[in-house]
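Form predicted alone, single chain, as structure tokens, below.
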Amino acid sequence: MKHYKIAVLAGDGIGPEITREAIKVLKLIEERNDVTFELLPAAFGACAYFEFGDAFPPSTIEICDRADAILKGPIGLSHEESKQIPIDKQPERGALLPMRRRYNTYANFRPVSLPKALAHFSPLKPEIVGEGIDIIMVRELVGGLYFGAKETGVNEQGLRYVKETLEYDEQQIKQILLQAFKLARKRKKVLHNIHKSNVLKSSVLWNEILDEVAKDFPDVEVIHQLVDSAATNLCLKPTQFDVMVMENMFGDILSDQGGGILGSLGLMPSACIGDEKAYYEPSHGSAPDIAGKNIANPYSMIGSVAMMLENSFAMEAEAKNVWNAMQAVFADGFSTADLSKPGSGVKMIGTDAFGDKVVEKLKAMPRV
């Protein structure tokens, strides 16, 4: 029997609620397969700061270091609540970026997927959604503006200023492009390269490296598109995209737009993968305004479990079953509040009920 250690970082806001539903699914997967999961809970984010004075405390680092994979809930507080924590120790700066840096999880995969049968969830017109949306955004995750040198102060004119550096080297760019090309080769053999080379020198280097890498993938068609044009086309014709690759900040923004064209960020799981370690998380924030109300959509967290099964544990068939189970709940007419718009005919259920229905659907599927 295979045995895996999973660090479980429930996070802040709705994190603990949606993590509970993901764990329900993991427990059932244990019953259905020759596998055991040792769940190692640890504090991460604002909750860790208030308990330990550190958003990514040494005890959590030790657990993550020895885990085979990390399942991470959303982190962060409201704007006003965040003021209780020093700027450099706030969850994103004090926990998330250090974790990405520690494990070099440079490749972020964010599926933007909505089958035609669920097109009514999208705010886009049916003729725009067409036969459904099926995009994977590949985002570089450990470089660029987020990780560059930062400086604040007062200049000679007495004006406050800030300076932040966007920095990439060719190895950082090459490794993420290789991941994107390999994925495109497995899918439709089309790769949209998202950049801003008409303004940014970083994009000029990015495109130079892409041309070099592309020589090893002659079967993959590369389509270059400026990031602002890509943002427009995600709304006007999202079905033209299959695999999209981009630098860190572009990926942060466009993937949230991807959640918008689906109808909710609650439909956006993700995988953050390095050569030695990976963590899996919803692409959305901690939604403190709805925390504790049992209305959050756990799809993104359960979907992150499915991505973990496939990428870290080589359980592709069971991962597919988890996706199918979630889609089946939607197909039965159920959804959480974020997708249950007035007059849509969708039967609104809570966070826990959605998780229970996913488990029920998964139980009914043939074991793999």
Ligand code: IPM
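From 1 onward, residues are counted along the sequence shown. Only a predicted model underlies this, so the values are computations on that prediction, with no experimental measurement involved.
The form predicted together with 3-isopropylmalic acid exists for this protein as well; it is not shown, and the discussion that follows is about that form.
- Contact check for Leu96, Tyr146 and Asp252: all three have a heavy atom within 4.5 Å of 3-isopropylmalic acid in the predicted complex.
- Out of the listed residues Gln172, Ser283, Ser203, Thr105, Ser283 is the one that sits within 4.5 Å of 3-isopropylmalic acid in the predicted complex by at least one heavy atom.
- Note on contacts: among Glu167, Asp211, Glu164, Glu92, the single residue with a heavy atom within 4.5 Å of 3-isopropylmalic acid in the predicted complex is Glu92.
- Among residues of the shown chain, Arg110 is one whose heavy atoms approach 3-isopropylmalic acid to within 4.5 Å in the predicted complex.
- Under a 4.5 angstroms non-hydrogen atom cutoff, 3-isopropylmalic acid in the predicted complex has Arg100 among its neighbouring residues.
- Only one listed stretch (216-224, 233-241, 138-146, 125-133) carries heavy atoms within 4.5 Å of 3-isopropylmalic acid in the predicted complex, and that stretch is 138-146.
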